[in-house]
Each structure stands twice: as C-alpha cells, then as structure tokens.
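The chain below stands alone and is given in structure tokens; this is the form predicted on its own.
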Amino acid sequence: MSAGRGTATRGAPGEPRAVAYLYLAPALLVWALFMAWPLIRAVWLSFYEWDGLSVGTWVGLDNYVAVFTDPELREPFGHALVLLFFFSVLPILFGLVLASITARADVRGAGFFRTVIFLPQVVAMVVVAIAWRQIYEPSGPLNDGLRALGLDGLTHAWLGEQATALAAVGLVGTWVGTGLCMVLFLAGLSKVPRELYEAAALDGAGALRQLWHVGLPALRGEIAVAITLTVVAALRTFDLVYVMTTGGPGTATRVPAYEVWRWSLNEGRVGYGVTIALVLTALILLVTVVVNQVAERGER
C-alpha cells in the first residue's frame, strides 16, 4: 500500500509542487506589498499617538479603548446603519422588482431601460455627488419641480437641514445601487427555465407568487452577492458625504469613513483615525462572512 503511494508520488504527472509556487510568487509578492504590509503597518500605527509629523508615542490599546467608549463615535456608526437601509435594502427591493418585470415581460426598449438604470455604476462617485448636490439645492431642479406641481410645502434645503440631509445622501446611494442589483438579478433569472413559470401560471399563481416561489429561490446566490456589495458600499461611504455635505449640517451626515479622514488628516491624530479604520474593516469583514455563511447554509 505504502509502496503504491510512493510510486504514485514519484510518478505523479504534471509539474513539481515547487514550480507551482514559482507561478504563484508574483501574485503573492504583489499581495504582500500592497495588501498585507499596509494592513500590518496600520495595526502598528494604531498603537501610537501620532500627528503624522513628529515622533509618535506608544499608547498600547488606548486608541481601541477610546474608539469603543467615545460617545462622539456612536452617532457616525448609527448613521452607517441608517445608510444600510438606503444603500442595501432599497436597491435590492427595487432591483428585484425591475429585474422581474424586464426579465419576463416583452418591454419595448428594455435594453435601453436597463442601460439607463445601470449607468450610475459607471460614473465616478464624485461626479454623481456634484450632480446631486446641484439637484438638491434650494433653487435646484428638485425644488423647482415640486413648486411646479404646487407642492411648495414639500420643498426643503435638502442638504442644509439636519432632518433631511442623511436621507438625501442615502437616496443617492439607492439610485446608484439599484442598477447593480437589477443586473445581478437579471443574470440569475435568466437561468430559470421558462417552463417553471408556465407551470406555476397553470396552477393559478400570479406574478407576485411566481416571483416568490420560482424566482427568489433561484436568486439566493445573487441576493447574497448583492447584500455583500451594497452593505460594503454603505459602510465605507466617504466620497458622497465629503463632496455633498462635508459631514454637515452639524454632525448630521458624519459616517465612520468620514471620521477616519477627519481624525487622521484634519485633527492630526493618525493613530486614532487608523484605529477607527481597522474597526470599520473588521465590521465589514464580519458582515461579509455572516452573509456568505447564511447563503451557503441556504444552498445545502
């Protein structure tokens, strides 16, 4: 038996194992330089009180204790949870509805319609933020449209009022994310045999029941991908907030990623800002792992 294994090892087809590692070496080198080393460096900086210019002071775990006990940081993380609704829940719901309509119905110009919905995904987020900042202005197209409809009471300084600023930023995330979700769900629905829908229709199932009993089970993997991508987008949002509101009015739109920038570059506490970034990274990884675990259990 052992002789057989030895013979199989000596005579195994293909390149030796060492050659395989040589093939992987360039990718491992790039990963080590641009992923592993910056992460190790960030963890090292989180143990220092450092302004980015002078010699840092070792503070051990003080920055981590401060991050978890600082009441000033609870509001940004609470805002991130609110953005999850706009960046993840709404795009997935709208994406499901749009995909179920355009995948089965013979809608004239469906290709153009899908392109328009997906278009925000290929536009730089800074451009998106500038465009929507102008739309939200007190004399911008949104308020002009409401006045034209006689809805003057609904006009607001959308980004200038604490009650509306965070939701206004979140709706931009909804607008951007819906196209991505729709395309993912369209790809999933294209794998469902049309006969299943026809059988469900013969059993008297309406469009909503067909989507629930036929479409959704086939979209489990795509929904997991959509949740992962949109949740990550919500938690790491910075460019939209920075360009549209700079965290204001007051602290109404401050989010964790904005706090990383503010503490690291604006307040001159690099170690504290890096610690916030590491906590945010750990939170994103945790959410990603949980979503994938739940999706894998559902497929078994």
Partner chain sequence: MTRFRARSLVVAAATAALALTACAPGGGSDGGDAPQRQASDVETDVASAGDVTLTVWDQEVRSGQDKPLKELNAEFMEQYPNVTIKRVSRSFDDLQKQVRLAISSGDAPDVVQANNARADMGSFVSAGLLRSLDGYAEVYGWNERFGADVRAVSSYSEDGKTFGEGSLYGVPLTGEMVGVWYNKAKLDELGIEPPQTMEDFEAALATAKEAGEVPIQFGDLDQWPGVHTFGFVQNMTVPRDDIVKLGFGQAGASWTSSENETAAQTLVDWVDRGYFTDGFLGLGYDPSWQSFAKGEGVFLVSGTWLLADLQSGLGDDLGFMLPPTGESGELAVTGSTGLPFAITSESENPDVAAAYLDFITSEDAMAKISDAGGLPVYDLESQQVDGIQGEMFDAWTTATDEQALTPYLDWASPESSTLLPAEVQKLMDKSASPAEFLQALEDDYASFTG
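Positions refer to the first chain, counted from 1. Quick caveat: nothing in here was measured; it's all calculated off a predicted structure.
There is another form of the same protein, the form predicted together with its partner chain; it is not shown, and what comes next is about it.
Each of Ile40, Gly52 and Arg254 is positioned with at least one heavy atom within 4.5 Å of its partner chain in the predicted complex. In the predicted complex, its partner chain sits beyond 4.5 Å of every heavy atom of Asn63. Although the partner is absent from this view, Asp239 stays clear of its partner chain in the predicted complex, with no non-hydrogen atom inside 4.5 angstroms. In the predicted complex, its partner chain sits within 4.5 Å of a heavy atom belonging to Gln162. The closest heavy atom approach of Leu45 to its partner chain in the predicted complex falls within 4.5 Å. Just one listed stretch, out of 153-161, 216-224, 86-94, 185-193, contacts its partner chain in the predicted complex at the 4.5 Å heavy atom level, and that stretch is 153-161. Annotation for 184-198: no interface residues with its partner chain in the predicted complex [heavy atom within 4.5 Å].
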